[in-house]
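One chain follows as structure tokens, the form predicted on its own.
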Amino acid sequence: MPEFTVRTIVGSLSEKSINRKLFRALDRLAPEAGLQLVELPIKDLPLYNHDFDADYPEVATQLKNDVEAADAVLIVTPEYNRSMPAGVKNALDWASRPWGTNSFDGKPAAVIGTSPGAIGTAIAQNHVRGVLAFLAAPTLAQPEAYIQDRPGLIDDEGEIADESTRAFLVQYLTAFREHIAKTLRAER
């Protein structure tokens, strides 16, 4: 039985995304680390603006409730134009608003991503971490996980071809579980 439930934002809205494949791989590996990953859907969120604060759309209220109910949040992000995708930022904005109702406050978090480039999604992850810091979400600092995608590394079902990548991802998820446990213990 998984120790912690982790709500996961997959930053790419494409079903064929390499980051969706990474999410599927992480989902397959998560029980080995004592985690259960559950995707938080973000594709139906309208663009946030404060005009909605008085009457939140149901999809945004559900996102906030899901973040609050989770033990932790994982963000699997691609890198678009040297930053996070708009969908990730939009989800972070919805779940942290209206002012004073930040669902991320104190919520353990982690960021990971994959890209064909040699530095993976390092810059996008840095931008996400900056927003999570402002939202008071204690974020896993080490190990960092910038996965360089290569043809055949992860198949559509999340099967990982390279054993060293598989071992690293299990290590990453295990470190995240330890981060969650430490953060939640400190809050008690």
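One-based numbering along the sequence shown. On a predicted model such as this, the values are computed, not experimentally measured, just so you know.
Below: the form predicted together with a small molecule, not depicted.
Q: Answer for residue 81 alone: is it within 4.5 Å of the small molecule in the predicted bound form, judged on heavy atom distances?
A: Contact with the small molecule, yes.
Q: Might residue 175 be said to contact the small molecule in the predicted bound form, defining contact as any heavy atom within 4.5 Å?
A: Looking in the predicted bound form, residue contacts with the small molecule do not include residue 175, since no heavy atom lies within 4.5 Å.
Q: Is there a heavy atom of residue 98 no more than 4.5 Å from a heavy atom of the small molecule in the predicted bound form?
A: Close contact is absent here: in the predicted bound form, residue 98 is far from the small molecule, nothing within 4.5 Å, heavy atoms only.
Q: Hey, in the predicted bound form, does residue 164 get a heavy atom within 4.5 angstroms of the small molecule?
A: Although the small molecule is absent here, residue 164 would stay clear of it in the predicted bound form, with no heavy atoms inside 4.5 Å.
Q: Within 4.5 Å of the small molecule in the predicted bound form, counting heavy atoms only, one of 114-122, 101-109, 87-95, 67-75 shows up; tell me which.
A: The contacting stretch here is 114-122.
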